[in-house]
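Take a look at this one chain, the form predicted on its own, written out in structure tokens.
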Amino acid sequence: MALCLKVAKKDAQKALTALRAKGAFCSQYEVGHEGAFVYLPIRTSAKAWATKAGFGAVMKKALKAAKKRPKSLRDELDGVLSPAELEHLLSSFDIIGDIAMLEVPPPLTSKQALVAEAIMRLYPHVKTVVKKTEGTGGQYRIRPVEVIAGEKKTATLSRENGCSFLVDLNRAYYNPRMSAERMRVIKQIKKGENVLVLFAGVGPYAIAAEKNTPAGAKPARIIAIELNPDAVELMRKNIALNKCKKIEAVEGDVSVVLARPSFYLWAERIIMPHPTEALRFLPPALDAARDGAIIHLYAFGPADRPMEGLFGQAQEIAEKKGRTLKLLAWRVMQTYSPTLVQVVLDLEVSTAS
């Protein structure tokens, strides 16, 4: 028997809202229905409050125990996959808009449909499940995927940090796991800065730089450079979708674009989110950086001493350009292997004296 509040159907939603606001609703039982009345399970400790609230009578009623929702993908697949198969299950995956993207280890290839269906049960808004077929690579940093369940599509609308992004996983690179890092960088932007985003993809850094900086700290201009024409097409659509006015999307190779005289000593902040190539493109970025400019440099480094080696390499490159670098901050973004990590360095640029 469950302690519950008997209310008329017409008052049920109002009473339920009040119970939840008070923390009085008991989620261990399902809501009961009988004739013109609804029975809302309440906590024993809330009996006195519920009696005085005036929604209805407090009484005991036989209610069904609430169904326990699986807490994880592993819970959902317990009993569907064997214990040995569960050992191979990678429980972490990305949800981008209404698409879930996961890795399927070889031992689970024959069970990938079951895994995908379990994800769609856990997350009802997911309409498509895809699996990675290769690692990120190629000229445009594409991470190819294959649909294994749901709607046959690789395009979706992703939302992060109050912005919306049209994304196509087989046409352009997009990493939802960088959302918090993007905000960390954006919060550092100062009023009137010229912001240069290299390897801009579909525009998450550039668009967040306009939309998420406080009114008193808006950048003057944002130029986003991207080599992949499909990504540039999506970025321009995203600029319009988010009603941005300060962003210019430029298609082309970073080295070629930054060689234009108009970019010389133009930027007060440069964002370089391409860890495999950022150091190679640091020289043209330094040409574009004014004294006092901040460069957010993403790169791979050795796990044992990631900052020292990368900062040393960056300093050597800067010295050849007659510039000096000051390390303001650094952090490990993620671990790729026991020996390799991704790092971001926040660097301040000045002219060598």
Ligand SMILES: C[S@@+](CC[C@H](N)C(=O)[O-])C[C@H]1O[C@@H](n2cnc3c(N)ncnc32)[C@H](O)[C@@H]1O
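Numbering starts at 1 and runs along the sequence shown. No experiment lies behind these values; they were computed from the predicted model shown.
Here the subject shifts to the form predicted in complex with the ligand, a form of this protein not shown in this document.
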Within 4.5 Å, heavy atoms only, one stretch in 112-120, 186-194, 250-258, 236-244 touches the ligand in the predicted complex. Which? 250-258
Quick one: does residue 165 come within 4.5 Å of the ligand in the predicted complex, counting heavy atoms only? no
Residue-level contact is defined here as any heavy atom of the residue lying within 4.5 Å of the ligand in the predicted complex; does residue 222 satisfy this criterion? no
Decide whether residue 274 counts as a contact residue for the ligand in the predicted complex under a heavy atom distance cut-off of 4.5 Å. yes
So in the predicted complex, is the ligand close enough to residue 200 to count as touching (4.5 Å, heavy atoms)? yes
None of 227, 104, 279, 149 but one has a heavy atom within 4.5 Å of the ligand in the predicted complex; the exception is 227
Are there residues in 133-154 with a heavy atom within 4.5 Å of the ligand in the predicted complex, and which are they, in order? 139, 140, 141
